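Single chain ahead, by itself, as structure tokens, in the form predicted on its own.
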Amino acid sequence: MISQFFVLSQRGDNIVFRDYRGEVPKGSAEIFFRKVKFWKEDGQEEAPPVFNVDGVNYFHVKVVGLLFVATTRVNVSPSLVLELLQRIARVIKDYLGILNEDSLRKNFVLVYELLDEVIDFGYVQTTSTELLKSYVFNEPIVVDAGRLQPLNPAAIFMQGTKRMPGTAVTKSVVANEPGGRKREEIFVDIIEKISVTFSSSGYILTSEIDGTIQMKSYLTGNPEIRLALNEDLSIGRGSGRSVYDYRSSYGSGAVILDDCNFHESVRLDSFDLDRTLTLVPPDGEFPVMNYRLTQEFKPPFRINTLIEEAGAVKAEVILKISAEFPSSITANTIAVQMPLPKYTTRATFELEPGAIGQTTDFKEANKRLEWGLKKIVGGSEHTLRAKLTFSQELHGNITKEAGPVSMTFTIPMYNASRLQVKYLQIAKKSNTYNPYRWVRYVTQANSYVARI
């Protein structure tokens, strides 16, 4: 049960606000934003997803730069409320096509209608796009995606020199094309978030993949479809298969998942036999399958760090990133961060000759080195040298007081687990159906850390 729901912009502007129970003061949005903006508690620089202020519990998630927030005075399950916020964001995106501040402001009437159907007096009714179509009657005002910057790096994919259409992330599931035509398309994405921890010598200490097969359907009539995965896919660590077993006919190797779960619409009648999923896709975007893998896999990047003292109050840091994926693939929006000793007063940077699209910064307030790269081509290496100046001659072990190095990135058309969609088959044939015979892959860093 929640008391309020609101959406704030990055500036703290209140875009959407709905008070369901009248139990929380009206100024809660301002209190929340001020608390999040200047969070300094528990030694953390960012506010946790759940916290309490003056007896009010605040829950929030950040989606494409927008803050989706719920408040309540009662003791409710945090995971339940956070999942609700994610689902509300997904439903709004299904109806608007593009989820950003501009689309929310132009479609505020539709958004409020959706909220009133999703939540009644603080209690959740449904978060299904399919069911909401029977109760929501406002038409979305479609925002022109061509004028906007990509909201998510996964929204634009390249395959060779051909740009893949972004229909799945920029169109509403309820709005027709101009002229009243209905799009008959279906899109499948495999999105993987990887967590890797390297030792100071470069060995992998921990590794994990959290993956999702995401589908977005524009098919009318809700036809039955079959989705085929790797034939050599194994579920459970006791499957007896080796992660280095390369008996696959496609050369991708065996895929061994620790565990997985499926959407309620998925039938597993033939899954054990030939690894195919049968389902009737509901309208909108939904996860067909969630999975987790902790078997060893080849990480896309290697991070090497070297710290050398260069005098009584000086030291030099050398960061080297190696891209260990094919040269036909390019990683985007790479950000590297490294905490420095608290007595660091100055940092100067030296990039490799001819470096393009790279930025460096020293955050003096929290003593942190930041290195941004616009893109990294597979097989390449990039190096950063940072010269540090300290405020005192007597200091401890620099390598113990610096680091670890953390990294975030997005790699379109790459998946570390080697899970593949072999084919997508629609049971009911129709000349109007246009299922693309490709699947979009994207790998993102969930936690990518190298110790020093």
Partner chain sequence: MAPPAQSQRSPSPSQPSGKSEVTDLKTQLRQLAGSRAPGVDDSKRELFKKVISYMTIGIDVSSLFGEMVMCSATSDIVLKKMCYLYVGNYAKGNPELALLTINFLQRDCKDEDPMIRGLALRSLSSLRVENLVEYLVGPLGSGLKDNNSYVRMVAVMGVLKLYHISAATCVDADFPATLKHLMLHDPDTQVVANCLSALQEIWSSEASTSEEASREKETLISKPVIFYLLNRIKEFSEWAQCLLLELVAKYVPADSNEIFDIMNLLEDRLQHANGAVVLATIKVFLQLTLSMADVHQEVYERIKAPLLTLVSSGSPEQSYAVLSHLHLLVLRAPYIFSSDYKHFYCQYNEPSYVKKLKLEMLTAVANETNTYEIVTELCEYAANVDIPIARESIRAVGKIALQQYDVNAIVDRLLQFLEMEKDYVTAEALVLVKDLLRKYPQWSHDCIAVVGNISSKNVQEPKAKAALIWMLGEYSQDMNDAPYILEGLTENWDDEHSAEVRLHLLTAVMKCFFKRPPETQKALGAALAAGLADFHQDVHDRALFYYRLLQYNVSIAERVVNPPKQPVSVFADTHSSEIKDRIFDEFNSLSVVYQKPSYMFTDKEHRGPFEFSDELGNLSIGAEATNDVVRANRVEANDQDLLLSTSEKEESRGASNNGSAYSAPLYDASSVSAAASQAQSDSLISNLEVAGPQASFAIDDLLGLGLPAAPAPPPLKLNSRAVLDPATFQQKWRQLPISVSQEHSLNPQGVAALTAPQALLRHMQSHSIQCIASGGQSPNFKFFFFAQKAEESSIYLVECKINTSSAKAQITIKVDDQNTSQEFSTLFLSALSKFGFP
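Take the two forms, superpose them, and find the largest set of C-alpha atoms that agree within 1.5 Å; that set is the rigid core. In this text the structure is predicted, and so the values were computed from the model without any measurement. Residue numbers count along the first chain shown, from 1.
Omitted from view is the form predicted together with the partner chain, to which the following refers.
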(request) Tell me, please, which stretch of 318-326, 275-283, 348-356, 292-300 lies within 4.5 angstroms of the partner chain in the predicted bound form when heavy atoms are compared? (result) 292-300
(request) Could you spot which one of Phe187, Phe262, Phe362, Trp371 gets a heavy atom to within 4.5 Å of the partner chain in the predicted bound form? (result) Phe262
(message) Can you work out which of Val124, Leu306, Ala310, Val377 has a heavy atom no more than 4.5 Å from the partner chain in the predicted bound form?
(response) Val124
(request) Mark Ser270 yes when one of its heavy atoms lies within 4.5 Å of a heavy atom of the partner chain in the predicted bound form, and no otherwise. (result) no
(message) Would you classify Glu231 as touching the partner chain in the predicted bound form, given a 4.5 Å non-hydrogen atom cut-off?
(response) no
(message) I'd like to know if Val439 sits close to the partner chain in the predicted bound form, meaning any non-hydrogen atom pair within 4.5 angstroms.
(response) no
(message) Residue-level question: is Lys314 within 4.5 Å of the partner chain in the predicted bound form, judged on heavy atoms?
(response) no
(request) Look at the candidate spot formed by Asp13, Pro49 and Arg73 and say whether the partner chain comes within 4.5 Å of a heavy atom in all three of them in the predicted bound form. (result) yes
(request) Taking the partner chain as it sits in the predicted bound form, which residues of 51-77 have a non-hydrogen atom within 4.5 Å of it? Please list them. (result) Phe51, Asn52, Gly55, Asn57, Phe59, His60, Val61, Lys62, Arg73, Val74, Asn75, Val76, Ser77
(message) Could you check, with the core superposed, whether the Cα atom of Arg87 shifts 2 Å or more between the shown form and the other one?
(response) yes
(request) Determine, after fitting the two forms on their core, whether Ile191 shows a C-alpha shift of 2 Å or more between the shown form and the other one. (result) no
(message) If I superpose the two forms on their rigid core, does the C-alpha of Arg73 end up displaced by 2 Å or more between the shown form and the other one?
(response) yes
